[in-house]
Ligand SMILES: Cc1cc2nc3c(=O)[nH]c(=O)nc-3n(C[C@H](O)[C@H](O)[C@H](O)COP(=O)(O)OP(=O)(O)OC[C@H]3O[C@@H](n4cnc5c(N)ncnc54)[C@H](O)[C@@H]3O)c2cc1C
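In structure tokens, the next block holds one chain alone, the form predicted alone.
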Amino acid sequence: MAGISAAKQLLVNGYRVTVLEARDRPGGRIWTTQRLGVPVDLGAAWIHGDSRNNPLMKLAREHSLRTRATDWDETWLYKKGQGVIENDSDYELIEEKAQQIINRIHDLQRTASDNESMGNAINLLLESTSGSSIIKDGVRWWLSSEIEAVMGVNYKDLSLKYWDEDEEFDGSDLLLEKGYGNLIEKMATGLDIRYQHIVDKIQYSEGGTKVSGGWGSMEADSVLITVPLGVLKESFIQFTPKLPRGKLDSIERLGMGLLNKIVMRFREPFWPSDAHRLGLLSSTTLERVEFFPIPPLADSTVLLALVYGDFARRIEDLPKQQIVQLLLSQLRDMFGETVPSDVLDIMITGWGNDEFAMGSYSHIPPGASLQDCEDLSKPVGASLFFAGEATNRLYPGTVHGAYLSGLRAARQIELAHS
């Protein structure tokens, strides 16, 4: 999204732009598949906030894309041996107590140091939570959804001081009915994109740049780097001369979270037709899964499972059949014998081992700050520029953050060559 938005902006303003794409498709961590019979986003999925201020809403309108709001109130929680939690007052109390803990976290942030993690703070706050086992486990599940799943990382790896310090747009979370990939394809129209062009080396100076890989080389006045933070952290691209020390330090300090998806197609649905999200309550969230019918409110046979952090990394190293059995086990704890023993089709993402991503999206770990995002966004002379969600101090970790960073980088390039 960052590269395409920058390229479109520069092209409109009269610049000659070539996009070098390592994959055989556009979009990077935006990837929509139709293999299971319905559009499924295997990477980015939601437009977060349907406010008119959200630039993605403008893009959706511009390209006449239909959206569907996710109703988080239609979250169905289950307890092993007890079935579905049906009492509305339990849900209300779970949300209320979870919000109280979030408010308390915001209080603690005022005096937190840069090196403190969310780990100890959240554990102490959870231990002091009162109520039945359903309420306690529900609060634990809800907080994990609001914090760990959103950031793609476990509490221990998340900065207490800088969590939730970024900006957001108001409104509902929306899914694009045909997936994010449909938007990317429309945006990419008219761009000169060279696919399967993996970049290994970038040489730069005030006189220009040279980009090279197994496909050959190309010279340009300026290069915009929009690879994910995870790729920069692994030093897959050799820069000559080396990047400035301050930029390298920011790359090292920032964290790359991981959120993987397992998409399963069954013969027939066994979950509630009006559910938007499903989850199993437990005394631990170490193997917590969120399940989403795709699409919701339809006679769909596709169920998406979302996993994050350490659990997502562990799953990447497991055989496919073991992953299936792990998920079917959780589903049987929720729905009993109505869960079939076989899955007709399955797709499993592996963003952590993807050499062109090395993770899902950035976060602020202990020892880092939002200033590192700002430092990462700064050009190196008039030849080297950076964009991507990790370079957006206001909206890191989001598609709209990536989009806006591309527009910002385009302006930086225009200014450098004006």
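A residue's number is simply how far along the shown sequence it sits, counting from 1. These numbers were taken from a predicted model, which means no experiment stands behind them.
The same protein also has a form predicted in complex with the named molecule, omitted here; what follows describes it.
Chemist: Among the candidate stretches 388 to 396, 32 to 40, 59 to 67, 374 to 382, which one is within 4.5 Å of the named molecule in the predicted bound form when only heavy atoms are counted?
Modeler: Residues of 388 to 396 come within 4.5 Å of the partner.
Chemist: Tell me whether Y15, V223 and A410, taken together, all sit within 4.5 Å of the named molecule in the predicted bound form, counting heavy atoms only.
Modeler: Not one of the three qualifies.
Chemist: Considering non-hydrogen atoms and a 4.5 Å limit, which listed residue (P228, G181, G255, G152) is close to the named molecule in the predicted bound form?
Modeler: Answer to the contact question: P228.
Chemist: Scan I237, I251, V302, L327 and let me know which has any heavy atom within 4.5 Å of the named molecule in the predicted bound form.
Modeler: The option sitting close enough to the partner is I237.
Chemist: Taking the shortest heavy atom distance, is L20 within 4.5 Å of the named molecule in the predicted bound form?
Modeler: Output for L20 is yes: heavy atoms within 4.5 Å of the named molecule.
Chemist: Evaluate V199 for contact with the named molecule in the predicted bound form, applying a 4.5 angstroms cut-off between non-hydrogen atoms, and reply yes or no.
Modeler: Yes, V199 is a contact residue.
Chemist: Residue-level contact is defined here as any heavy atom of the residue lying within 4.5 Å of the named molecule in the predicted bound form; does K233 satisfy this criterion?
Modeler: No - in the predicted bound form, heavy atoms of K233 and the named molecule never come within 4.5 Å of each other.
Chemist: So in the predicted bound form, does L259 come within 4.5 Å of the named molecule, heavy atom to heavy atom?
Modeler: Because a heavy atom of L259 falls inside 4.5 Å of the named molecule in the predicted bound form, the answer is yes.
Chemist: If we check the named molecule in the predicted bound form, which of the residues in 343 to 378 reach within 4.5 angstroms of it by a non-hydrogen atom?
Modeler: Those in contact are W351, F356, S360, Y361.
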